[in-house]
Every structure is written in structure tokens, then in C-alpha cells.
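The chain that follows stands alone, in the form predicted on its own, written as C-alpha cells.
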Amino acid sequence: MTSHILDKPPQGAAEDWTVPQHWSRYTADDHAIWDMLFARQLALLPGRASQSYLRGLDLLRLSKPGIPDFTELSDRLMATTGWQVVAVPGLVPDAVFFDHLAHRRFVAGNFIRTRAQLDYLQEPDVFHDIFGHVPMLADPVFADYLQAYGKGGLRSLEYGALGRLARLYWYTVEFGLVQEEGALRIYGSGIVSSHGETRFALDDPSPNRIGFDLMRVMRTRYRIDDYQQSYFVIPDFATLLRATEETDFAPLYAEMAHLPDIRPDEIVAGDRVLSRGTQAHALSRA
């Protein structure tokens, strides 16, 4: 498979790394893979996904079959929260990524996985990026949070703290849980776009589920090759927005520089533990 992890803009990319989506170039099988993944996740998400996500999912029901046309999708999203979707050829440099977020542009890969990769893909494809992320961008509070995160990401580069801030993105935007009406719901794109983790994050006794705390999250390492060993739970999306907009991150970065990292499976003093995991899944994979 072609790698979509790049170190410079490929030929045909603009200075900001964006490229045309070339919707007309998708094959019938590309669209069939999207439709298969969409239907499979749609059957799982009611009662599991956040209401904000489910409401935003209607943005993806566009006039064309299969993979959404980014132009049509951006028109709907712009009218909803002022965001747009731009195509990129793969993973872009951090500064480029943050700058797009800070200007309410969500970057999405324009390729889709193969049938052999339905359940695991190392590089985010159009299904992960669009099905996983875009519905949440229709929520005004979460949309503001992601823009604030982009602005904070640009500042983090000045402090050499990118790794810390990346953990915040991972444990919220990608793998976050939220409390709704007395129950836990998923909103992180890495969960809602994953057939297996949609069940695992809420139902399995293996992972820890811990109340959100900004510094705690930024000190916690994560797994990129398996289901998460801990999930962090927010009470609502306004909490994320306040944590990002009202916190002076520079003193936090300075303080964390003298503190050890926390293991992905670890419970520490001060945690608000909603459920302590058995870590059986991680042990079985060791």
C-alpha cells in the first residue's frame, strides 16, 4: 500500500498541503467500502454515541452516493458552524495541521482503506476523518474547542510541548467519552469509526474510565496499536472549551517538565475513577 505519511508536499499540493479531493476518481469499490463501513457503524452507534455526534451525522447524508464530496459537505458545515473540510494527501506537519484547525479548516485524507484493512488502519483515511470527525464539527461548542485547540497547538510549538498537547487531542478528539443523561457515550473519532472499539470503550471491563483532568491527560501516555487502556470522561463539551480557552498552558508545561509520565493503564492519586479496569485485554495481548 502507498504510504500517506509525508515529509514534504507532494507534486500538485498547495503551500498549505491541500490537494483537490478528485471525487470523480473514486472507484465503485471505493464507494462500496465507504457504504459498508458506514452501514456497519450506523447499526452500532445509537445508544452508544453522543447525541451531538448523532445529530451531526446527518451532515454526511449527501446527494451523491458513497464517499462524501468535500465541496458539498463544506457548504453544509460552513452554514452550520463555519468550518470546512479540505483534502490533504496524508498526514501533514504539525504546524500545518494546527494552522488549519485555528482557521476552522479540518484536514481529511482523500484516500480510503482497502477491504483487507476494514478493522485496522495505521494511517487515517477518508472514512476515519469524515465519518469520525465531521459530525462533531456540527456541534457549536465542540467546533469552538477544536479551533481553540489549533491555536493552542501553534503556541505549544514555541514551548517544545507538542507531545503534551498531542495527548489532549488523543484522549478527547480521538478517544473521548462524555457523560449524557447519566450514561457514558462515545464522541472520539477513533472510537466512533472503529467497529471493535465502539463496543470496547463502553462495555468491556478491561479499560479504566477516569474523570477528565487537563494536566492528568497531558501526562498520560497512550497506545497507537491497540484499544486504549484508559479513557477520560468529560461532563460536557463546554468543559473542554473552558479548559482550553481559560488555561494558561505555559505554567502547566513548565510544571509537567519535572513530573513523570503516567502509564496508559495506571490509576494515580487524585483520579476520579468511574470504573477501574481489569486490563485483561492488554494482558492478553502482551
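Residue indices: 1-based, along the sequence shown. Since the model is a prediction, treat every value here as computed from it, not as a measurement.
Just so it is clear, the following notes concern the form predicted together with phenylalanine, a form of the same protein that is not shown.
Colleague: Please pick, from 244, 41, 52, 229, the one residue with any non-hydrogen atom lying within 4.5 angstroms of phenylalanine in the predicted complex.
Modeller: It is 244 that has a heavy atom within 4.5 Å of the partner.
Colleague: Ok, 91, 148, 112, 96: which has a heavy atom sitting within 4.5 Å of phenylalanine in the predicted complex?
Modeller: Of 91, 148, 112, 96, the residue with a heavy atom within 4.5 Å of phenylalanine in the predicted complex is 148.
Colleague: Please tell me whether any heavy atom belonging to residue 26 falls inside 4.5 Å of a heavy atom of phenylalanine, as the geometry stands in the predicted complex.
Modeller: No, no contact at 4.5 Å.
Colleague: Mark residue 249 yes when one of its heavy atoms lies within 4.5 Å of a heavy atom of phenylalanine in the predicted complex, and no otherwise.
Modeller: Looking in the predicted complex, residue contacts with phenylalanine include residue 249, since a heavy atom lies within 4.5 Å.
Colleague: Evaluate residue 124 for contact with phenylalanine in the predicted complex, applying a 4.5 angstroms cut-off between non-hydrogen atoms, and reply yes or no.
Modeller: Looking in the predicted complex, residue contacts with phenylalanine do not include residue 124, since no heavy atom lies within 4.5 Å.
Colleague: Might residue 152 be said to contact phenylalanine in the predicted complex, defining contact as any heavy atom within 4.5 Å?
Modeller: Output for residue 152 is yes: heavy atoms within 4.5 Å of phenylalanine.
Colleague: Quick one: find which of 67 to 75, 130 to 138, 80 to 88, 164 to 172 has residues within 4.5 Å of phenylalanine in the predicted complex by heavy atom distance.
Modeller: Single hit among the candidates: 164 to 172.
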